[in-house]
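Next up is one chain by itself, shown in structure tokens, the form predicted alone.
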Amino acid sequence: MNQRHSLRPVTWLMVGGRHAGIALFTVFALFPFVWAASVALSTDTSYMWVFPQAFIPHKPGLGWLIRVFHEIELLVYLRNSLLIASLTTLGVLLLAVPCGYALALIDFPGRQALFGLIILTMMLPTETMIIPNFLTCIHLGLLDTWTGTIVPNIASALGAFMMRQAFTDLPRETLDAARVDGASEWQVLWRIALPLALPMAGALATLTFVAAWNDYLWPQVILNSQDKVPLAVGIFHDLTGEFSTSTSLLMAAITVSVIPVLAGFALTQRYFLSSTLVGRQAI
């Protein structure tokens, strides 16, 4: 009894510290978007650099948001980003799901060594792959194409790792029962294993989509035509540099570019919660 009472203050302190850390991280993560949205919605930008007035729209209006659609090809950039991010996500899932299944549930020579090599590739900085990928695209004639933008990003080591962990936690008895009934490995994968691992696949899809949507470096290297570039590259080309017209216009473009990602996350957040619960149960 005395030990239980002595632990209570420690427990409350841990819970309070955890919530305080989450609150601090939330504020740190949200303040750039709140600031950009506040500037984009302010017709009077004189408080743009004044704290804390900059976080509250001053004389609210939609003028900057309307101007950004007229002064740059924002809808074209949005379309390009949507296509590139969607196709990249689809490609990652089509490769990561079978790869994770094979690494988790199929015994073949060198499986552990192959998994170790995949993990090692996760430690390489992304920049180290720019030159090899660029030379490969030159030889394949993929410069200035969406194919060259998408294909190098669909072989995801993180995706293979996440799906392997999801398939490893599945009950073997259920999968063996399907095999005894005559199901092939492909049928076991797509009809039984993948539906059970859907929360992790959804989390992987969301992470991949956000990363592809925000990707700037590789599209900037591989694409030359302005009508093919995604949103991040288009906004940088049109609204930054010595010929930039307005910081408020840039903030309006950034705000518009973030809204689709936030909407997508709101629609798929249950997959994150489900995958988190599965991970905690596994621990």
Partner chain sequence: MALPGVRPATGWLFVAPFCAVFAVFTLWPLGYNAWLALHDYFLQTGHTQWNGFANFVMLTWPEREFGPALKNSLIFLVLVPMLQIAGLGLALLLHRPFPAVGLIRALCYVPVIIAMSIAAVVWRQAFAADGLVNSFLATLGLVSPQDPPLWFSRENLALYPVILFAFWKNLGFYMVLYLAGLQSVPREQHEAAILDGANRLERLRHVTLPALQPVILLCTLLATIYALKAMQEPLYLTRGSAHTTTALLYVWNAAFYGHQFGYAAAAGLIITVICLLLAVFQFRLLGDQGRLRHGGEA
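Bear in mind the structure is a predicted one, so any value in this text is a computation, not a measurement. Numbering follows the first chain given and starts at 1. C-alpha atoms forming the largest set that superposes within 1.5 Å between two forms make up the rigid core.
Although it is not shown, the form predicted in complex with its partner chain is what the next lines describe.
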Should Gly141 be classed as touching its partner chain in the predicted complex when contacts are defined as heavy atoms within 4.5 Å? no
_in the predicted complex, Pro98 touching its partner chain (heavy atom, 4.5 Å)_ = yes
Original post:
Closest heavy atom of Glu185 to its partner chain in the predicted complex, within 4.5 Å or not?
Top reply: yes
With heavy atoms only and a cut-off of 4.5 Å, decide whether Ile66 touches its partner chain in the predicted complex. no
Those residues of 12-34 with a non-hydrogen atom no more than 4.5 Å from its partner chain in the predicted complex are Met14, Arg18, Gly21, Ile22, Phe25, Thr26, Phe28, Ala29, Leu30, Phe31, Pro32, Phe33
Would the C-alpha of Tyr216 be classed as shifted by 2 Å or more between this form and the one not shown after rigid-core alignment?
no
- 2 Å or more on the CA of Gln226 between this form and the one not shown, with the rigid core superposed, yes or no? no
Ile235: after superposing the rigid core, is there a C-alpha shift of 2 Å or more between this form and the one not shown? no
